[in-house]
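For reference, the chain that follows is the form predicted alone, supplied as structure tokens.
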Amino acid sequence: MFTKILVAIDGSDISKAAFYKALDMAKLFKAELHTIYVVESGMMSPGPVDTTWELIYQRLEQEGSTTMANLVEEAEKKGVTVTSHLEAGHAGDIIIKTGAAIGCDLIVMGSLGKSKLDRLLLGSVSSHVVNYAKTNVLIVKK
């Protein structure tokens, strides 16, 4: 039985499937449901940011807010309250840290998200979470 579930969202179809799986589980277990969308900023330099990077970041942040708002609305129609988290950083690390901070006992995420470049350069976010999270992780496949 789970009491707090964190589901990672990136706007991809597989992350939406993970959301619906987490939603079903939250209803079944009467668990708290949390969503997280991470704006991947791990590849941006820590130095001065030009307006191009700032615009890209703002666009990704807006996409995350919109995506989560739509899913939260659907969950509330089904009687489940959702707490949303919009963060920035390395997705795998932020998902793990947020999960620990809220005391979740399950992280749900898709097997592959939108970031094929991230997978090539840094390894899969889902693999990172599976390897380093100190809680249960459910990977949803299509």
Partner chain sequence: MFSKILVAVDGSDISKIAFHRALDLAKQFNAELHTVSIVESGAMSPGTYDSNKKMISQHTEKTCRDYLTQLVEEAKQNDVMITTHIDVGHAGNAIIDMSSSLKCDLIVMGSRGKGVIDRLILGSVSSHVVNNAKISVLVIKN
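Residue numbers count along the first chain shown, from 1. Just so it is clear, the model here is predicted, and its values are computed rather than measured.
Although not depicted, the form predicted in complex with the partner chain is the subject of the following passage.
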Would you mind picking out the stretch of 87-95, 52-60, 73-81, 25-33 that comes within 4.5 angstroms of the partner chain in the predicted bound form, counting non-hydrogen atoms? 25-33
Does the partner chain come within 4.5 Å of any heavy atom of N131 in the predicted bound form? yes
Check whether V39 has any heavy atom within 4.5 Å of a heavy atom of the partner chain in the predicted bound form, and answer yes or no. no
Quick one: is L106 in contact with the partner chain in the predicted bound form, heavy atoms, 4.5 Å cut-off? yes
Stretch 1-26: residues contacting the partner chain in the predicted bound form, 4.5 Å heavy atom cut-off: M1, F2, K21, D24, M25
